[in-house]
Every structure is written in C-alpha cells, then in structure tokens.
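One chain is shown next in structure tokens, namely the form predicted alone.
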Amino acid sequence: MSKQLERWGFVLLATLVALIFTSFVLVLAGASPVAAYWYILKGSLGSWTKISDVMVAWVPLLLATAGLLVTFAAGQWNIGVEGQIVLGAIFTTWVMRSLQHTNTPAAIVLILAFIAGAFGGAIWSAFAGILKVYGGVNEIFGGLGLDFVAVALILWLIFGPWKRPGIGSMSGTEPFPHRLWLPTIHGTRLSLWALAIGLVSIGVVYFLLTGTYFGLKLKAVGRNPKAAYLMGIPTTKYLMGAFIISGIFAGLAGAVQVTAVYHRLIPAISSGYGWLGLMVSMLINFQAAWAAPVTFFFAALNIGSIQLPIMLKLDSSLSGVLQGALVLSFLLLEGARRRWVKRREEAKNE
C-alpha cells in the first residue's frame, strides 16, 4: 500500500510541475492562469454538448492508444501510427465511395467500411513491421517514412482522383450521403456505435495484454527478445503480430473519423491522434487500465482549449504545451523515483 501511495505522490507532483510550467508560460503571454484553466474546464465539461464533443475526440484517441499499447508491450515504438490512421481512413473512403450509389443497405456498407479501415491500417503497420523484422530498419525511421508517404497519398487522392467535381479543395472530398453516417445522439455529434467500438477495443487490448498467453509472451519479447527466442517463443511472429494488431486499431480510428466525425476524407483526417496517443502511452507507463481515463483527460484539454482564443485571445495550442509538459515532467520524475527506490533498496541491503 505504501508503494502505491508513493507512486501516486510522484504522479501528483508531476502534475503540479506541469501546471506550474504552463502557468509560467501563461504569465509570460500576459494571461491569467486561473482564467485559462477555468475556460478550458468550462469549454470541455460545461454542458452536455461540450461533454459529447469531448467524447467524439476521445474515441479515435482511445483507439490509437489501444493499438500503441500492443506494440509498446513488444518493445516497439510504432511511430507510424499517424500513417496507419490515414490509411484506415483512405480504405474506408474507398469502400464507401464504391458503394454509396448502389442499393447496398447502409448497415452493410458501414460494416464493410470499418473492415476495410482496419485492413488498411493493418497493411500500413505490417510494412513498418517488415522493415523492422526483415529489413533491420529501426521502427522509428520506418514509421516516420511511412507517415510521409501516407500524407502524400491522401493529398493526391483529395486533389486528384477523388477531388470534388471541378475543384480540388482542402475541405476534402464530397460528403457522403446521410444514410452512410453513423447514427448520433440527437443534438450532438456523438455516435454511440463509435463509442462502443472504442470501449470494446480498449477492453480487448487490456484482456489481451493481461489475461492471455499471447500477451505474456509478447511482453517477454519486449523485455528481452534474445531470451524469449531461447525460451522457444517465435519472436518474429510476435513482433509482426504486434504491428498488425496495432494497425488494426489505428485503422479503426481512421474509419471512425470518416464515418462518425467528418463524413468525408480530409487532409488532416488523423487530427494528430497518433502523436497524442504516443504521449498518453508514455504517461500511463504503458498500462492499459489507465488508457480510458487519461485519453479522456487529453481529449478534454483539446476541446476545452478552443475557448482560449475566443475568451483570452490566446492560441489554442496551449493545451499541447500542458500535455507535453505533463508527459515530460512525469517521465523525469518517474526516472528520479526509480533511482531513489533503487538507492533505498541498496542502502537496506548494505
């Protein structure tokens, strides 16, 4: 129990350090930290409509984080998650464009679109896995390269083959018919279907990593690949499996963006959720049990920060400063905590 209290104390200290740093930035910008935090809170949780907007952003972020936890368990930095979200959105759009003018029932179209999105994300993630496992390319560099290719591909499609009639626009492709939109709660943009997909996904990842032999072996590969191989675990198979599973969830995030949020393909379809998912994964120390509440907190910061330019004439990117400061302070203090615990144990053994 004392160890848990000790850990929570460091978490609270990291949060305090991040708030102090962000407050200092606000003071330099000539704004009141108290007012800024109040408007962020009010802008994210001040009404049911705002809460539903937070949940709209929460679902794709939760899906991206769920996938990243799998590759992190295998000891891999899946930096290509942004591109995997984009490819999921592209494959989803391709299916919906192909079937939107047919007599295919809307439910069938949406199911096929989500399957295609998961498939697209898996393919793109598998490329990163192949480069790592068979090509010896560091997954960070391979993932970044694939991210750039994905961005180029989506721009080509929007301004080329899939452009709006007569024009190419940054607003994206033609919106899909309303019948192909995921149903939403009346008066909001929140789809209960999308919410269910997000919650089920993180539940599946939690069970996979904590309640199956696959998760146990995956963690063994992540801790020490050579030792895992000597124990008879096919490390190549498990590494590729981790990349593919991660890509499936990232692709689902792209599918949600197309079917439930934008209802078309836009250049910034990933909305930076891949990068944000990386930050969340580090902040929760790769523990799936904390993914849902922490991603909700980060989504609330993103939505609430929209009030800053309106009310205080500040840039909404301030929430990114707070998010980054929170992650960095946590990592620094977590490192300090581990060193302190190690020295304490060594002192006891002397």
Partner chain sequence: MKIELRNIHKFFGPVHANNNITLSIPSGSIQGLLGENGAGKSTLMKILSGYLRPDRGEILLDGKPLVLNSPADAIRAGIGMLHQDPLDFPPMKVLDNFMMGYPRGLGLPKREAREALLSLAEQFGFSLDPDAYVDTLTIGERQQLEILRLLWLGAKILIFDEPTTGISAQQKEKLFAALRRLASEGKTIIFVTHKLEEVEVLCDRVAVLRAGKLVGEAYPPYNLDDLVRMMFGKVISKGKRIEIPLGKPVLQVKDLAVEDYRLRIEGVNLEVREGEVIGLAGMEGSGQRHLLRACAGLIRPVGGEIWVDGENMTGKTYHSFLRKGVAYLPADRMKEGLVPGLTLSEHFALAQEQTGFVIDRAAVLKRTEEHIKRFNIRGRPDSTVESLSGGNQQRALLALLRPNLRLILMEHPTRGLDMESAIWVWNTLKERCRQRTAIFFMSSDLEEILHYSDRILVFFGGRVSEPLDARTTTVEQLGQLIGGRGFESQPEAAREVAK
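Here the structure is a predicted model, which means the values were calculated and not measured. Residue numbers count along the first chain shown, from 1. Take the two forms, superpose them, and find the largest set of C-alpha atoms that agree within 1.5 Å; that set is the rigid core.
Beyond the structure shown, there is the form predicted together with the partner chain, which is absent from this document and is the topic of what follows.
Contact annotation: of the candidates Ile115, Ile244, Leu195, Ala220, the single residue with a non-hydrogen atom within 4.5 angstroms of the partner chain in the predicted complex is Ala220. Between the partner chain and the residues Ala126, Leu180, Leu208, Leu199, the one pair within 4.5 Å by heavy atoms in the predicted complex involves Leu208. The stretch from 101 to 109, 221 to 229, 87 to 95, 246 to 254 that comes within 4.5 Å of the partner chain in the predicted complex, counting heavy atoms only, is 221 to 229.
Although the partner is absent here, Gly203 sits far enough away that none of its heavy atoms falls within 4.5 Å of the partner chain in the predicted complex. Heavy atoms of Leu216 reach within 4.5 Å of the partner chain in the predicted complex, making it an interface residue. In the predicted complex, the partner chain stays beyond 4.5 Å of every heavy atom belonging to Met240. Annotation for Val341: C-alpha shift of 2 angstroms or more between this form and the one not shown, rigid core superposed.
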